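For reference, the chain that follows is the form predicted alone, supplied as C-alpha cells.
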C-alpha cells in the first residue's frame, strides 16, 4: 500500500464528516436560511472530490505496477520532520498564553526553520522568525484590531 493512499482516505472521511456537519448547521434566522451553509458545503464537496481523485490516481498507479517498492513509514525521510513539527506545535500552544504571541511565534518559527534550513543558517532563520512575528503582530493588532496575547515587557 502506498503512503499516499492513507492521507487520501483520511481526507475523504474528513470531507464526509465536514459536509455532514455543514448540513446539520442550524438555519439562519435572518435572510435566506440556507446561505450560511453554502461556502462550507462547497469546501466539503471540494475536499471529497480532491481526495477521491488522489485515491483513484494512487490506486491506478499501484495497479499499473509503478509503486513496487515498499516504503517503511519509519524509514521515510520526512516522517521525523513531521513528528518534530507536531512536537513544536504542541510546545507552541503550551507557551502561547504565557509568553505571548511574539515570543512564542519566534520560538516556533526558529525551531521550524532550523529543522528545514539547518543550523548553519541560524542568522537568516532568526531574522526571518523575528521580523515575521513582529510584522504579523503589528498587522493584526494595530491595523486589523485582532487581539493577540501581549508579549511580556514588549508593547508595540
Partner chain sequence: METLSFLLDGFMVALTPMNLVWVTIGGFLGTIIGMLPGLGPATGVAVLLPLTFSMGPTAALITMGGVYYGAMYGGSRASILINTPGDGAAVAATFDGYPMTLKGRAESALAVSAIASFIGGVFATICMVAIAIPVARFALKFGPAEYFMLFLFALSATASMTEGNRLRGFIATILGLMIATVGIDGQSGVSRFTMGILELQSGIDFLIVIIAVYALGEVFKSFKNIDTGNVNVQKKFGKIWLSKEEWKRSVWPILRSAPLGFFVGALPGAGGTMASLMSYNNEKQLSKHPEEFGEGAIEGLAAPESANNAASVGAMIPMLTLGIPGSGTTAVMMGALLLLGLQPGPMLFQQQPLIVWGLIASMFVGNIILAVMNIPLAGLLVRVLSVPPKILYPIVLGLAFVGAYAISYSVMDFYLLVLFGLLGYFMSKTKFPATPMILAVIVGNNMEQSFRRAYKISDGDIGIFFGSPICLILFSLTVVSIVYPLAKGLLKKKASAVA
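Whichever C-alpha set is largest while still superposing within 1.5 Å between the two forms counts as the rigid core. Source: prediction; values computed, not measured. Numbering follows the first chain given and starts at 1.
There is also a form predicted together with the partner chain; it is not shown, and the following applies to it.
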With the cut-off set at 4.5 Å between non-hydrogen atoms, does residue 89 touch the partner chain in the predicted complex?
yes
Please determine whether residue 134 contacts the partner chain in the predicted complex, using a 4.5 Å cut-off between heavy atoms.
no
Residue 113 versus the partner chain, in the predicted complex: is there a non-hydrogen atom within 4.5 Å?
yes
Residue 130 within 4.5 Å of the partner chain in the predicted complex, heavy atoms:
no
Heavy atom contacts to the partner chain in the predicted complex at 4.5 Å, residues of 6-23 in sequence order
7, 11, 14, 18, 21, 22
Determine, after fitting the two forms on their core, whether residue 19 shows a C-alpha shift of 2 Å or more between the shown form and the other one.
yes
Is residue 87 one of the residues whose Cα moves 2 Å or more between the shown form and the other one, with the core superposed?
no
Would you say whether residue 10 is displaced between the shown form and the other one, judging by a C-alpha shift of 2 Å or more on the superposed rigid core?
yes
